[in-house]
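Starting off, we have a lone chain in the form predicted alone, written out as structure tokens.
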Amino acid sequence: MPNQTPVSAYMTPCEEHLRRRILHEGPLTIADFMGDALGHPQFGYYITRDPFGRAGDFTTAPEISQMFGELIGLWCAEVWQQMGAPDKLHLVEIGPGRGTLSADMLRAGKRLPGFLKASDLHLVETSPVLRDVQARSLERAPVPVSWHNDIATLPDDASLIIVANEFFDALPIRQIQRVEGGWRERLLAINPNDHTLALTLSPGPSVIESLIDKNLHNRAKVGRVVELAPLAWRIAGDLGKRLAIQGGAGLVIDYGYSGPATGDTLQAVKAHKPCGVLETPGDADLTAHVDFTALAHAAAQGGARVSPLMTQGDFLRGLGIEIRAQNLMKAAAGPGAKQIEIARDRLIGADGMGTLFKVLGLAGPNTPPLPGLEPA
């Protein structure tokens, strides 16, 4: 397989670490590469910086407009009310970024009496840098706030409402490619010719071949790539199990597709522009499109009820984003009104996030139909 990275004189600390691993362990899986590039305790992208917003490398929906978080917050409050307004509720955000979404959710939640009094907030975050940013964003939060490294330590004494916005796309994936006579896993190696990092194929069959959807396994053409996300599936299954036992609901919002499908979706972004996946490991964001069908299957196996998949645009329209935008535009000055309009279109438009981004609802077996996602 040809090298996908231009030769560069600069070598990031993470690349030096990856090269040492390859020399000692041999070629690494894409999941190993992503895990170190994003989450290594010394060199990982998310561990060492705040990558969000204009000054960072990319912008997420909560950073685009307060409307996004407000509507999600009102959705959470409505779910709580439909559940019978229990006097104890755990709000959970997984991968909370800068804390902007949680802050907007809590502000909107004030509109429903009793909701915040019943709630506490739990943030699942491994980055110490981002934890500090989140703490500043939520220093005046109207509910108790606590942090967790893993969903395993979330409390189990009350129902949950979970929000995971652009979390699953950053989890490590593995890639397996169809070749003549079978399948081979894509691996990260050092090109012996120019000594750059390069992708290669395993010399023999991979143990993950058994995870490929049977239809894809049988009909995929030579050269096609299948992406598998065992870690994402495990987390989705764990969330499904929690909801089945504790009750409550969840929202998974991310960019992706309804699988199974073939295709190489691994991509890198730096300073708001695409860059080579292997170009500056540890200094660029890495993501892959989410297979929502596989994610839903894992959550359902855990015991959750799963809603039909919906586009972000349709979901936010159903929650009233167009009316909310109109009201904000009326109250804003001329340039401010235009910015609100641009933000609204970016969130729901087909040429923005409206179609590529999807929304998957998860619920406990006894949770009433989810607003905007399931028929009442």
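Quick note: we count residues from 1 along the sequence shown, nothing fancier. Because the structure is predicted, anything quoted here is derived from the model rather than measured.
Only in words, not in the display: the form predicted in complex with S-adenosyl-L-homocysteine, which the text now covers.
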statement: Interface check vs S-adenosyl-L-homocysteine in the model of the complex: of 78, 104, 125, 120, the one with a heavy atom inside 4.5 Å is 125
message: Looking at 160, 306, 171, 294 here, can you tell me which has any non-hydrogen atom within 4.5 angstroms of S-adenosyl-L-homocysteine in the model of the complex?
response: 171
statement: Which of 186-194, 163-171, 269-277, 222-230 lies within 4.5 Å of S-adenosyl-L-homocysteine in the model of the complex, heavy atoms considered? The stretch 163-171
message: When the contact criterion is heavy atoms within 4.5 Å, does residue 66 count as touching S-adenosyl-L-homocysteine in the model of the complex?
response: no
message: Can you tell me whether residue 149 touches S-adenosyl-L-homocysteine? I mean in the model of the complex, with a 4.5 angstroms heavy atom cut-off.
response: yes
field: Close approach of residue 97 to S-adenosyl-L-homocysteine in the model of the complex, 4.5 Å, heavy atom
entry: yes
message: I'd like to check something about residue 60: if you look in the model of the complex, is any of its heavy atoms closer than or equal to 4.5 Å to a heavy atom of S-adenosyl-L-homocysteine?
response: yes
